[in-house]
Structures are given as structure tokens and as C-alpha cells.
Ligand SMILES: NC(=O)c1ccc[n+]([C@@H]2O[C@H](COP(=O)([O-])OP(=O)(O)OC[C@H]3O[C@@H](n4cnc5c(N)ncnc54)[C@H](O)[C@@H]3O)[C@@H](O)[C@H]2O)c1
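Below you will find one chain, with nothing else, as C-alpha cells; this is the form predicted alone, and questions on how it binds or moves follow later.
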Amino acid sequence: MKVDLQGRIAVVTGAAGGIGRAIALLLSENGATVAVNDVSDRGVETCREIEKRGGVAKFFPGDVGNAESVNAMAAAVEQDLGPVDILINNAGINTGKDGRHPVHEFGDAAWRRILSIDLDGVFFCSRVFSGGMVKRGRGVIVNIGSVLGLVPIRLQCAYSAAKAGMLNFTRSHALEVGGYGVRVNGVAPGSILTEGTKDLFYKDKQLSESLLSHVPLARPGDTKDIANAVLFLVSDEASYVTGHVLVVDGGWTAGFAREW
């Protein structure tokens, strides 16, 4: 898929690796100038790869879970690159295997940190960037959620709650800014093959087979599957799509592919 994003400035949070990096690369390949955000300095590597492919990118470090950090990052982006046309709220965290507990054993620190990045961060970034979009009468925001915001899962109460909140925040925001020419949508990925999920699920054959038994396509998704969904939603071809959550999960949430 190729679309024309020439002359547009795109901010991608959490773009040092995984899904965020794939989104940043694909937006650049379609003409956007990309502001790469992350708390990790590996965001510089994403910029280098974009430049290597002939694109334009700059790294803007910042913690999306901190409002002051987000405001400073946004000011730097607009000063260095110009008004932002596209915002991709991708940054997110979850607990590892050792941090997965039932609600009655889930710690305060883990709860607060996950919600601060996965939900507060979407609010902070959306607030600061959508203000300019409203004034200019144009702009697109895409929030990267999860199928776990649609269906419940055990031992991940904070992540599930944050992603569910993000999806309804997406719809709420779309209602508020649609009249100003600003579109807001979400993407809910299923199990996507990244360095993190390789370590968590796909090095263990039994665990990966158990996970994929819930996925009709019987395989994990690729980061580019999510990037392609984002590319469509930010394109002019999706100009009448807002308040929508596009599920990209290989059929996971369609229902269990079992015979009873």
C-alpha cells in the first residue's frame, strides 16, 4: 500500500523498537517527516534507519507518562519540524512473567506505572497535539491499543484496564474533535511477533501452541501488519473513518476456534 503523506509531520511515541519502529518506518516510506519519540536512546537507531532509506526523521526523547515531559517534547517537535499533522500514540508497557498476579496480589507500583504510560500517556499526548490540530482544522490521531482492551485476560489487570480505557477514550476524543476536521481512531493488535513477545511466548513451543490455538490464522502477526493498518487510518483514503477501533488479531477476538 502506498499513500501520499508528503509534507506531513508525524509523531510516533514508543518508536525505538517493535510496532512503533515499524510504524515510523512505514510513514516515512510514504513521505511523512517523522518525529521519533521514546524514553530509550535506541530511538536514534530508528531515525538512522529512516535516513538510510532516504527519509527525514529526528529523535525527541521523553516520557509520555509525565505531562511536563510530553509538553516539552511537543514544543521541541513543533519548533524543529513544524505543526504536527499525525500523532501515533504507540508507547506502552506491561509486566513481564514475574509481575503477573491476580488482583488481590497486584502491587500499587506496577498498577500506577502501567496506567501512567498506557493510558495517561495517550491523554497527555492527545491533549497537547490535538489542540494545534483543532486550531488548524485538520489532523489524524491513531491510538495503539490491544485485543486485551476488548476481551478479558487473567493476571494482567492493569494492562487490560488501561487498554480498555484507551479504546473508549479514542471514541470520546473522536466525538469532540470531529467537527474541527480531526479524526481519531484506534488499532487493537493481537499477538504480534516482537523481541518482547519472542521472549515471553514464542521461545516455548508448548506455550506458543497454546496461545495460537486461540488464533484462527494460527500464527502471530508481524509488526508491519499493524503499521499497514495505521497507514490506512492516517491516509486520505480513510477520510470518513473516525471513532473506530480496527482489530488486527488474526481472528483472536472472533471467537475460539474449537469444536465442543
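Don't overthink the numbering: it's just position in the shown sequence, from 1. Quick caveat, the model's predicted, so the values are computed rather than measured.
Keep in mind that the form predicted in complex with the ligand is not shown, yet the notes after this line are about it.
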property	result
In the model of the complex, segment of 60-68, 229-237, 25-33, 47-55 with a heavy atom within 4.5 Å of the ligand	60-68
Contact of I93 with the ligand in the model of the complex (heavy atom, 4.5 Å)	yes
S208, heavy atom within 4.5 angstroms of the ligand in the model of the complex	no
A74, heavy atom within 4.5 angstroms of the ligand in the model of the complex	no
Non-hydrogen atom contact A16 with the ligand in the model of the complex at 4.5 angstroms	yes
Partner-contacting position among A174, C157, I117, V128 - heavy atom within 4.5 Å of the ligand in the model of the complex	I117
Any residue of 144-162 that, in the model of the complex, places a heavy atom within 4.5 Å of the ligand	I144, G145, S146, Y159
